[in-house]
Every structure is written in C-alpha cells, then in structure tokens.
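Shown next as structure tokens: one chain only, the form predicted on its own.
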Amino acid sequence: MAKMFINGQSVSAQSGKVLDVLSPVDGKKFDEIPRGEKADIDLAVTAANNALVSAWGKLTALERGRLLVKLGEKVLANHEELALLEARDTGKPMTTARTDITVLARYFEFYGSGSDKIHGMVLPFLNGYTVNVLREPLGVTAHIIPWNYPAQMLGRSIAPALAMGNAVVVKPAEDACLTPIRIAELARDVGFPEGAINIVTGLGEEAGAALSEHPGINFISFTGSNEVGVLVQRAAAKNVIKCVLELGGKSPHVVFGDCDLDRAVPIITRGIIANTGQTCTAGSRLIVERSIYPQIMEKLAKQFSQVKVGTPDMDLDCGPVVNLAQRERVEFFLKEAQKSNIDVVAQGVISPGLPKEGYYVTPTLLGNVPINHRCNQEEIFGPVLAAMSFETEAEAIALANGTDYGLMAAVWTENGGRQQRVSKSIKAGQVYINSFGAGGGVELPFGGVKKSGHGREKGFLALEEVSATKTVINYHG
C-alpha cells in the first residue's frame, strides 16, 4: 500500500483509514492510499513549520537550488519507473507519461537554477538613509493539485515555492497520488531535510478542506474546478493569506482564411486529444472564418477519424479518462449535443477488445455548435472539439471572449496587423499565434483571467507569487 510522506517519513493515516485506487484501464482496484484527515494535515503543517526554523530554513539559496537540481537529476535517473507509475495511475499513454516526467525534471532544474537569482533592491531615499527591499519566503505553502497531470503539476506548484525557501504541504487528488508520493521519497534520497516536503493523501472535502482552512499555512495554490476554487479562496480569505487559483478553461482557436491549414489542423487536433482532453488548456473551441469552414472541417474530420483510443501500454493517441465520473461527464455532453441535433462531423476509434469496465470515451468533432450551447460554454474535460464560424474580425473576437473562461487561446493568421489586434483583444492569460501548446514551457508565465482564476505560475513570476517583499529603512546619518 502507498503511504503518505510527512516529516521525511512514509506514514499511514492516523485513523488507519484507506481509499481504494482504481485503474482507469479496467476499473479494478490495484492499490490503496491513506485517507488523510485533519489530524494528518496538522502533523504535516507542524512538520513544515518546524523545517523553516531548522535544517531547511538555514540553507542558503544556493544550497536550496542545488538540492532542486539534484532532485531533477534523480527524476531523470528514475524516468521509466515514474512514467509507468504515472500511466498506471491516470491511464495516459506511455509516450505522454514519459513526456510528463521529463517536464517534471525540467521544473526542478529551472527553479533550482533560479533560486539564487531573485534579488532585492536598494532604493534611493533621503540623505542619511539606506533603503533595502528584501524578498523573503512566505513560510508554509499549501498545494492542492489535480489528477490530470500529477507529476507535472507537483513540479509546477512546489518547485518555485521550495526555490524561494518555503516548506510545502501537498494534497494530491485522490485519483492520482502515487507519483507525487514517490517523488517526495526521491527528494528525501537526495538530501531534502525533514519537513521541507510533505504529502497528505485523502479526499478533497476532508484533507483538502482541512489544509485550505489551516491557520498554520501562509499561501495556497489550487488547480481544479471553479466550485472548489471558490471554497479555497474563501478559506484563504478567512486566514488573510494569498492564493493562486487555476480553474480551467474553454480555450479557442481563432482561424482566419489566410492561415496555413496544413500546419494548423494537426496542431488543433492534438490540442484537444492530448491527455484525452483532460487538460485545462485544451483547445476545445474552434472559431473559423466562414470562407474556409468547409475546408478545415473536412481536414479535421480526416484527422479525427484516425484518432485511436487504447490502454497506456498500447501507446495510442488517447488513453481512458481518469474515472467513472469523468467518463459519464463526457458522455453526458455528447448526449446533450445529440439532443440539440448538433452535427457529429467525425469521431475517433476505441480499439476493440478493451475492458468494458474501463473509462474509455470517443474523441468527437462537433460542427456548427451555437455559442450559447453548453458544449461551447462549459468545460467538458474530454476529447470533444466544438466548431463554429464567423464573418468578421469583430465577430471572431466576440466569440472567442464569449465564455466565462480566459485561460489560453490561439490565433491563426498570416496577417501581422491582425495577429496583434486579435491577440490583444482576446481575454486570456496566454495567447499563441500560429501555434498552440498546453500551457507553454516552464519558462512562460501561466494563469487565467475571468473564471479561469488569478495569479501566475511558471517562469520567474511564480517565484514572486510565493514570496513577499520587506522594506528595511536604515538611518545612519
């Protein structure tokens, strides 16, 4: 049975309770995780606070950075083991799992290299004074991460916090805990002091809520649904601490008539089927200039009809979704489209012979979807692409901004002026021009506007989010 990781030790829940871990491939139990509760969160937060005044807190920025770089190297040394664990826990194809582990290592490498490069300032002031602005860690940072990219999300969330000298407490999603636990064990192996990294598994309404509300934390990072994000923000407000929220998206591709379709179509397809559509930044809406709408839909239909779904070891385009509830959610939206007589332009293929109890869904391209239809407005979190058309640039911008979300977008056009006008007019945290990537590289600041959340992760801006300035005014005459 997997165990939690608190104060440098692998431990069970104090209550002795466990949760079953079910395989997305066949719906069968293959492991157990501790069902952590408030008492376990208390232990983890205490361990983190103790770490700040002991070995971890006494390290220099250079020493913290070296530990993070060593952890990145350790991840790469255990690459296949971690990829297999990630694929087994989430159901994603092995190629995707291997990429995720490589990116995880990059997070530790990037922030490890940057930990001693966040500098303070000296401000000019009155004669006889020297004013220094210091940048300091917040203290204990809480990280509630989702199940779609457990390895990547762990690195994205904790690497900058650790680089700045915070101690971390992580609550992974109960559907995908195994990789984060193993990474914490590897951190211990490379020399991270006790209490610097703590992992508490359990249910969101128990362990997650207890962590969000805990008076011993100084910051919360949460990635997940809008509903839970509101609860997390309320908890942060009660303790008067900062939070960073990434709450999903309904990201559009805005395609103009002059775009390079041969380049765009494969990227648009990949942008919705990657990780079986279980990506906050998935390009789930397609907004196409009417003059080329038939042409692009024909090309996309060919692409979608070749998309194949299978088990992780088959290493096809898509694996199963993570659990039964997610499969039912995707199927619900497809039924809603059918009720509304929306065109099913093309569908992928679920490989024959897969376990009937597995959580497999059919990748689907929908055509002429009204802007107000729920397939255009709500995050499906599955491989479903909703297409619509426009006449004018102004209409395209209105459609792109026509949801409550604002996480990511793409603009496809060869017209330089239009590239600038449209990208500046779209309300999103990231906008790609003639390309598209799931959140971009580790170096690129990432986050949303509107109901996609607030705050920024990735890049050097993430280091600012998990730290605070202190102004020291020294009168010396």
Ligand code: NAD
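The shown structure was predicted, so the numbers you read here are calculated from the model rather than taken from an experiment. Start at 1 with the first residue shown and count on from there.
The form predicted in complex with the ligand exists for this protein as well; it is not shown, and the discussion that follows is about that form.
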query	finding
Contact segment among 139-147, 101-109, 71-79, 306-314, judged by heavy atoms lying within 4.5 Å of the ligand in the predicted bound form	139-147
Contacting member of 224, 406, 114, 358, with respect to the ligand in the predicted bound form [4.5 Å, heavy atom]	224
Listed residue (160, 172, 195, 91) with a non-hydrogen atom within 4.5 angstroms of the ligand in the predicted bound form	172
Close approach of residue 329 to the ligand in the predicted bound form, 4.5 Å, heavy atom	yes
Residue 298: touches the ligand in the predicted bound form, heavy atom cutoff 4.5 angstroms	no
Contact of residue 204 with the ligand in the predicted bound form (heavy atom, 4.5 Å)	yes
Proximity of residue 248 to the ligand in the predicted bound form, heavy atoms at 4.5 Å	yes
Partner contacts in the predicted bound form for 270-309 (non-hydrogen atom within 4.5 angstroms of the ligand)	280
